[in-house]
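The chain below stands alone and is given in structure tokens; this is the form predicted on its own.
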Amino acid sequence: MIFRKLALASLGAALGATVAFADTTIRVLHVNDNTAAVDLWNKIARDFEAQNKGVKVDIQYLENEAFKAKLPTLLQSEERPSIIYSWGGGVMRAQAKAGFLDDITAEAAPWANTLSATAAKAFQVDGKTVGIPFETGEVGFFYNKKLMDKAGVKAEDIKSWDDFLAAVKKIKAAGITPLVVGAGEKWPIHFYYSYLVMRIGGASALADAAAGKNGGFKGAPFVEAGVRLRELAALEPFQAGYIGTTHTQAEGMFGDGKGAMELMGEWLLDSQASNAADGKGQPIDNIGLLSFPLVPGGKGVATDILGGINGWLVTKNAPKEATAFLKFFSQDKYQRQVAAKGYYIPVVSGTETAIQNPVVKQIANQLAASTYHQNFFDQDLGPSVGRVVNDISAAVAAGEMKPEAAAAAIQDAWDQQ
């Protein structure tokens, strides 16, 4: 995989560049490092151009963390992209409140009903459509079957948090790193904290805290989640130097067979291969999926899922052709190709039947049967609070912050938002 590390100035120049014969340029900025999926996106763009003379679709990539850091400045510049990748949630709402997003309700209404209703609603702000979702997913424990077998651990027997801790100990005793995580970027380890909050406090935990109920973010589910995370980290289950490891490095470690499990989103299936030393990673038949375990006495259930609903946002003053491109992009025929290739799980209704990859199919089935789908905490709570959630997750795991102080820090950030 080749990362294009672009400085803001050069990125602005790239986004600002137009082709001489193009009357209109739609500038698309994304973070997808799956080159095969992006190749298909580029094909869709060329197909759109062929049917819309004088329109150029310029698709640009920016690495995940660089995207988050540079987007606020880009949105305020003359080089504002027409369409931007989005995880939805509070970040999207903040962008809408700041006036950076367009209301495309009227343009999208005739065809938005081809999308999953839940996904479509996730890209609305105050009842107005500001973007179009294209994928949904699930965070879970992806595991190396051979390493689990070597350690004598059966994934299907891991149901509770106690089962999970016992499995971690057993895997470690076998001389295998139980878990890999890219805590250097913090957000990968917030998945542990988020899932623990969900399993302890149930589906309403986040909404109740935001509403100030049950002690808000300083309430029992958030404190106990920190206690449980520290309990896990005290077993030293992660690879050496995990606090400084990036998420792509961790995914490469999983692909290289250097860890039994990784708590990550479905994109790991591709990125573990592209980041592995041999560029191939683990074969799909050696990868299993384990749902996050239940916590004794908790209100959460196994079918409550943490995962993203990702999509495209149309920015203010984008050319009208931008929404037309998203309609073209969302066609059944293209999204069935996405499903069949296993690039991601599309939200166009019915396309999930084209999924061939057995692990992706398992994820799609679990999503279909889910009782609750929670967006990533760091996105759902907005940029400032989300940053704190990521920070405290890493700090608690490292033993640098007490669970009570961590919960209080989230509440303070929420109060100041």
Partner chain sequence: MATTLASSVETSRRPGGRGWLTILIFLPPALLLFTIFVAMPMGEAAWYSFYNWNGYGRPENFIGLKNYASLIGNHAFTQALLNNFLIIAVSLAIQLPLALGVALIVSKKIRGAVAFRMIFFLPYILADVAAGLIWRFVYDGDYGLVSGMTSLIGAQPVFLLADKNWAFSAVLVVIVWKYFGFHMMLYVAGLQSLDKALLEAAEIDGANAVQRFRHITLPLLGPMIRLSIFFSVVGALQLFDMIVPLTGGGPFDTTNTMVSYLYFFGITRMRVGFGSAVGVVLFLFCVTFALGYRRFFMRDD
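Positions refer to the first chain, counted from 1. Computed from a prediction, not measured in an experiment: that's the story for all the values here.
Omitted here: the form predicted in complex with its partner chain. The next part is about that form.
This chain lacks the partner; the member of Leu206, Leu75, Ile305, Met264 within 4.5 angstroms of its partner chain in the model of the complex by a non-hydrogen atom is Leu75.
With the partner omitted here, the residue from Ala173, Ala211, Ala106, Ala240 that has a non-hydrogen atom within 4.5 angstroms of its partner chain in the model of the complex is Ala240. In the model of the complex, its partner chain lies within 4.5 Å of some heavy atom of Ser384. Proximity of Ala98 to its partner chain in the model of the complex falls within the 4.5 Å heavy atom cutoff. The shortest heavy atom separation between Val28 and its partner chain in the model of the complex exceeds 4.5 Å. For the chain shown alone, Asp33 is not a contact residue for its partner chain in the model of the complex, no non-hydrogen atom being within 4.5 angstroms. Exactly one of the stretches 245-253, 113-121, 265-273, 287-295 approaches its partner chain in the model of the complex with heavy atoms within 4.5 Å, and it is 245-253. Along 37-60, not one residue places a heavy atom within 4.5 Å of its partner chain in the model of the complex.
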